[in-house]
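Next up is one chain by itself, shown in structure tokens, the form predicted alone.
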Amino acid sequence: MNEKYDVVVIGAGAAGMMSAIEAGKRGRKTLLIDHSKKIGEKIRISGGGRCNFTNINTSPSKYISNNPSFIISALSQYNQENFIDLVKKYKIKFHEKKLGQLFCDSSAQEIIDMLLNECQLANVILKVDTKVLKINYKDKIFIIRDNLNTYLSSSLIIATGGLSVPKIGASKFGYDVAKQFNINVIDTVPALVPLTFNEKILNKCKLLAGVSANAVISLKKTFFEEGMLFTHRGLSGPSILQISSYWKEGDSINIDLCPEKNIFNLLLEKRNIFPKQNINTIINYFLAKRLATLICEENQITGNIGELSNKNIKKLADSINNWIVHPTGTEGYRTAEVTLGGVDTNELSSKTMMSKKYPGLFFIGEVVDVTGHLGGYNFQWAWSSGYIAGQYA
């Protein structure tokens, strides 16, 4: 049986729901399809179940893309303030965590319920547990088939996300659709993901599991100053996740475990004033005890600071302010928060998110080669790109 629509949206995540809402508001007969029984799973699990739904500091500089200026149009048409207004309209209580991150006070489910209600108000027809098997294009009409029905529409929005978190249904569907329509896809890699390390560093991390440091992690000219965590599997925490989006195989990263202090100068000063102080005790002033002890042991430096040479003091200082590590890889899509790469932005209109080759075909959200930093930026990209596609579909 053929069902006719003005707009079909495949993928009922953040971007897909947003685009369906906006298309429906314009009086377009809109169908929203998802292969899962439960929609919005990535929203539900994000932010520890409280959904870091946007960031008040959202700007194009917070995104990675082969075409960085592509993001400007979407963010200017629908920004973080617009989404915050929607959240306020539904009287959802939220709070700001550090660095402008906004979270629900109660539960991420409130954001999902808000979007579902908006879909209902916009007369969006939602079909869950529906797997699209085939898409054809003939006479400017998209023919979309599942195992029971055929849907016809003049506009098709692909909002199927990336490859991250496969356990909640992530798939390469969107990239396959792009390739079917001869649209270039930039190679994808896991992003915002813990890094993996060789046995030597791994052993160190295991000994320090649970210890955190407010480190500055840098790679070439890119750096992040946020929490870093030692775990049984290696290094994690916000600053490591951030730098992972920039890391490529073979790159080394620099870790400053005590960025607010120049440890070399400080230790020289201590040696002059308190020569009888134990070096381990001094290092423990700046770092967690287990970390301070391990650094001293690794460098085989013990005793009073007055007995230490400049060379040994420099060795210690570098272990703290300039620890260079060589990741061997990442934990992959299983634990990655997002996917880097995707549908080439040169193939899309930055004003509408529509394909330049196929009028009526749109790609939005994570499936596109736009990846935000950690902290609500990826959700804002979903809202912004979904909003503008919904205006033109």
Ligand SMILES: Cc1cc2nc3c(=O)[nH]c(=O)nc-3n(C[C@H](O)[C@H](O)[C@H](O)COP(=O)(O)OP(=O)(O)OC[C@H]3O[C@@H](n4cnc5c(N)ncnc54)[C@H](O)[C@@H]3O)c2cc1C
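Residue numbers here begin at 1 and follow the sequence given. Remember, it's a predicted structure, so these values are computed and weren't measured experimentally.
Only in words, not in the display: the form predicted together with the named molecule, which the text now covers.
Peer 1: Pick from 170 to 178, 251 to 259, 316 to 324, 195 to 203: which stretch has a heavy atom within 4.5 Å of the named molecule in the model of the complex?
Peer 2: Going by heavy atoms within 4.5 Å, the stretch is 170 to 178.
Peer 1: Within a 4.5 Å heavy atom cut-off, is S36 in contact with the named molecule in the model of the complex?
Peer 2: Heavy-atom contact with the named molecule at 4.5 Å: present for S36.
Peer 1: With a 4.5 Å heavy atom cut-off, would you call A159 a contact of the named molecule in the model of the complex?
Peer 2: Residue-level check for A159: yes, a contact with the named molecule.
Peer 1: Is the gap between A20 and the named molecule in the model of the complex 4.5 Å or less for some heavy atom pair?
Peer 2: Residue-level check for A20: no, no contact with the named molecule.
Peer 1: Is it the case that D344, even though its partner is missing from this view, gets within 4.5 Å of the named molecule in the model of the complex, heavy atoms only?
Peer 2: Answer no; every heavy atom of D344 is more than 4.5 Å from the named molecule in the model of the complex.
Peer 1: Give a yes or no on whether each residue among V165, Y377 and A382 has a heavy atom within 4.5 Å of the named molecule in the model of the complex.
Peer 2: All of them do, each having a heavy atom within 4.5 Å of the partner.
Peer 1: If you apply a 4.5 angstroms heavy atom cut-off, which residues in 4 to 19 are near the named molecule in the model of the complex?
Peer 2: Read in sequence order, the residues that approach the named molecule (within 4.5 Å, in the model of the complex) are I10, G11, A12, G13, A14, A15, G16.
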